[in-house]
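In the form predicted on its own, a lone chain appears below as structure tokens.
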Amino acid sequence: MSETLWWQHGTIYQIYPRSFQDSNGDGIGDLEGIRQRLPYLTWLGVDAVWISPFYPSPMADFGYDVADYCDVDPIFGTLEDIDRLSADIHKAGMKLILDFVPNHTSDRHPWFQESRISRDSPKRDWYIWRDPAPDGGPPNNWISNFGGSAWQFDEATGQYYYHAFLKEQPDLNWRNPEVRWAMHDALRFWLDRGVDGFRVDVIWHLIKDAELRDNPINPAYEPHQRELNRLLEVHSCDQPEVHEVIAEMRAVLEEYDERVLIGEIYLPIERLMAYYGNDLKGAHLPFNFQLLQSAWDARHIDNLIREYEAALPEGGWPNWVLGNHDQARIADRLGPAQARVAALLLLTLRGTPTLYYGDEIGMVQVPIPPERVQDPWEKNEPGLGFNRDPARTPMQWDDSDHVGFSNAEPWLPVDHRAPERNVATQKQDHSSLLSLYQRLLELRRERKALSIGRYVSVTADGDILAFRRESDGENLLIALNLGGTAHRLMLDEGTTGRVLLSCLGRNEGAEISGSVEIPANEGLIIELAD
């Protein structure tokens, strides 16, 4: 596949490092643990490993509050550990993507410590400081993503600083060129060590309205929603100037060969596309989260895919995501039967797919007792269903007491409700969800039509979603049943083919002609005859 780059034809696998594998018995996953599990990732067939933050951090938001961009927190290991892990990832033929968190630092970062000393500090303008409003309150009405005001008053200097997330996560001022240069140097630090790219956290937040104007009231807000939804985020993110900032980041990566810039962006399709940048000089892959937020309905998904494909700028490469560390598990959102169909959809759509650790074995939301809650969002807005801990629990390697993750009590509870929901059991079962993922990834590597081929919509009727992938004489029909009732899909007259893969493991190799019966919760990949 030399005509495409690795991040185009490959598959990305996200690891939340606290929860993948503990190697030193402290109940928290670490870099050496990831290294020990690389044979599993090689067997599974993924092409790149994206690791969520492991930088030094007070862990107010579990690594997304960075105190040093150029080191490793002792919880996770050392720089030598990440170098060793990187070398072994590359030796295994995979790529390494790091999480980069440039919107905010920890309040313990030396930059912020210096910034808050006085109003005259050389680094004062590295963050967003403002005088109180005339009534002594916050400078504007912006709300933190985790609830409450996004402004924190600093008694020592008599000003407020802005934090889009926790008060322990002050936002950097990306309008300041010195901030940009410092962050570019941080990128180069890791690029020089051989890192293949970055997933950039909340990239659409980097630039705020220059005048810090109030956000307008959201007339559609309802009390059960998160507090942030009370306002429309017109001025606090997604500002036009952000694209210049991203283009500069991209230029840093262009100093190196075949690196990838991925942006975390929760925006509607029409606004998402701007993040590819002018002349495609923005993010290589602005993360496409549309399936995370979509109704699981054939016509809706078909419309969503076609709208996304049509909106892509010329030369822009698509991508798809079905799970991550901020969202409920696929198997919970859709149920275990449709989780199989979702796997087939994700790995047959055009573009780069990103998998979230544990989804390949059907991990579900794990109940978290109140006394074991870790997520700061849940602590700030309790009981509203925003707790992210249930989707971040330890990877289930086997059915032992600590599921093969650790020999100590893990940092979050493990799940023992389904003994078969682990890697060891499912690797031995050719009908398991894990085996389905492994076969789909193998088929993606073997068939250009799946990895880089064209997407052609076929039909969305009732529960049936069907589309084709085509490349160099390969013509594959993907037929998915998103419901619990069997349906027959009628094909064009004279159409024949052979079933390459079935979600349910039925009728593989069977010849089809004119029509095909698709059982409930089934997904088929059919090779059509010329």
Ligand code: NOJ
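Sequential numbering from 1, following the sequence displayed. Predicted, not measured: the structure shown is a model, and the values here were computed from it.
This protein has a second form, the form predicted together with this ligand, left out of what is shown; the following refers to that one.
Are any of the heavy atoms in R329 no more than 4.5 Å from a heavy atom of this ligand in the predicted complex?
-> Contact check for R329: no, nothing within 4.5 Å of this ligand in the predicted complex.
Would K208 count as touching this ligand in the predicted complex under a 4.5 Å heavy atom rule?
-> No, no contact at 4.5 Å.
Given that the partner is absent here, does W320 sit within 4.5 Å of this ligand in the predicted complex, heavy atoms only?
-> It does not: once this ligand is placed as it appears in the predicted complex, W320 has no heavy atom within 4.5 Å of it.
4.5 Å heavy atom contact, L98 and this ligand in the predicted complex | Answer no; every heavy atom of L98 is more than 4.5 Å from this ligand in the predicted complex.
Using heavy atoms only and a 4.5 Å cut-off, determine which of V366, I128, I143, V202 is in contact with this ligand in the predicted complex.
-> Looking at the other structure, the residue within range turns out to be V202.
Could you work out which of R340, R392, H284, H109 is the residue within 4.5 angstroms of this ligand in the predicted complex, going by heavy atoms?
-> Looking at the other structure, the residue within range turns out to be R392.
Based on heavy atom distances of at most 4.5 Å to this ligand in the predicted complex, which listed stretch, 163-171, 134-142, 241-249, 77-85, is the contact stretch?
-> Selected stretch: 163-171.
Taking this ligand as it sits in the predicted complex, which residues of 252-272 have a non-hydrogen atom within 4.5 Å of it? Please list them.
-> Just E264.
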